[in-house]
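Only one chain comes next, encoded as C-alpha cells, the form predicted alone.
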C-alpha cells in the first residue's frame, strides 16, 4: 500500500501554504481576529472550499486525504478554524446530505459564500457526541453550545442535538427565530469563539442531515472533525520544529551556534522524531476517512490524541530552545501554543480519544476471537 501523496495533492498543499504566508497577520503576536476575514476570502478565491464538493454540484470531488497537506498548511499558518469547519460540513453533506440539502448548500459552500459553524460542545460534557444535552422535540430545538468558532459571522449552524432516536445533526440558519449569539473569552481570541443559544427554534422540514441513519451521520461528523484537527495539530508541530531548528542554527553562545550543544541538539532530534510519528498517524487516520475503512474510529482517535500531545510538547520545547525570549509576547510562539490548546479539546480531548482507542482495540480483539471460535 502506497501512502505517499501524489503530485496534485502536494502541489495543492504547497499552494495553500504560500497563499497563507502572504497573510502574516495570522501568526502575529496580536490576538485580534481581524486577519481571519481576509484569509477566508483568499482561500475561497483559491477554490479550497470547492475541493470536497462533488463534481455534479460544481466542485472537484476530492476526499479528505487529498486535502491533508492543505489542512496541515492551514495549521502551520494559524488559518481560521471556521475554514476547517466548512470543510468538515462539506464532507458531511457530500456523504450524508439529502438531495435538497446538497442542492441548497453545497454550491454556496464551494464558492465560500456560506459561512457555516459547528455547534457541538456544551458545558460539562464528556466529549462523547452521545452526551449532548441540546434536544429536538416536536421539531423544536433547545440548548446552548459553547466554543463555536466565528459564531457571530456564521450564516448556518450544524448542531449536534438529541433526537428521539439519539444524537443527530441539524442545520439551523443563524437568523432563525430563537437563535442568539454571545461572544465569550477563551485562551485563543483569534478563533472568535461564541456561545450560541437555541431557544425554541422551529426546525425546517429538511433540517436533519442523514435522516436514514442519524447515528452514522454524527459519527462521520465527529471522525472527520477529529481527523482535520489532527492535520492542524501536525501543521503546528511542524512549524514549531522548523522555528526551533532555525533558531538553534543562528543563535550563538560562547562563539558557536547553540544547535551544536548536546542538550539543544537532542531536544531538536526528539522533536523531529515525534513530529514524523504524528504525521504518520495523522495521514493514516485521514486515509481511513477517505476510504471509510473499518478501523476508522480507532485510527482517527489515535491520530487526534497523539498529534495533540506532540503539538503541545513541541510548542513547549520550542519555547525552551529560545530561552527567556521564548516566553516574550513579541516572539509570537504563544500564538501556536494557544491554538494547540484549543484544538486539543475540539472533537474530543486526548483522554477521551485514548479511551476510545482502547475500547475499539478490545472490541476488535473480541470480534477476532469470536470469529476464530465460530470457524473452529
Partner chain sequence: MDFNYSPSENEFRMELRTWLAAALPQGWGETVFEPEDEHERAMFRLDWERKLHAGGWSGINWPKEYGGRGATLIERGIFAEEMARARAPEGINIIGHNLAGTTILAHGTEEQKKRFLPKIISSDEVWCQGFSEPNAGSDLASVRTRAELKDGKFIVNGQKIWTSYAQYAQWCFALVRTDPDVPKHKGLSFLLIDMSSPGITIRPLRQISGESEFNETFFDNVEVPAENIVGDLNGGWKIAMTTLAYERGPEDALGRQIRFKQELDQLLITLTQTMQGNRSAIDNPAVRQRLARAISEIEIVRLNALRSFSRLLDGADRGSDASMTKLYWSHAAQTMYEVAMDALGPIAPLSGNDPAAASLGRFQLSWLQSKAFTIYSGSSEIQRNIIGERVLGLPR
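Positions refer to the first chain, counted from 1. These numbers come from a predicted model, not from an experiment.
Same protein, other form: the form predicted together with its partner chain, not shown, and the subject of what follows.
By the criterion of a heavy atom within 4.5 Å, residue 351 is counted among the residues contacting its partner chain in the predicted complex. In the predicted complex, at least one heavy atom of residue 302 sits within 4.5 Å of its partner chain.
With a 4.5 Å cutoff on heavy atoms, residue 369 counts as touching its partner chain in the predicted complex. Residue contact check for residue 220: none of its heavy atoms lie within 4.5 Å of its partner chain in the predicted complex. Proximity to its partner chain in the predicted complex, taken as heavy atoms within 4.5 Å, picks out 287 to 295 from the listed stretches 98 to 106, 287 to 295, 170 to 178, 148 to 156. Annotation: in the predicted complex, residues 266, 269 and 277 each come within 4.5 Å of its partner chain through at least one heavy atom. Residue in contact with its partner chain in the predicted complex (any heavy atom within 4.5 Å), chosen from 165, 131, 253, 260: 260.
Of the residues 144, 208, 215, 245, just one reaches its partner chain in the predicted complex with a heavy atom at 4.5 Å or closer; this is 245.
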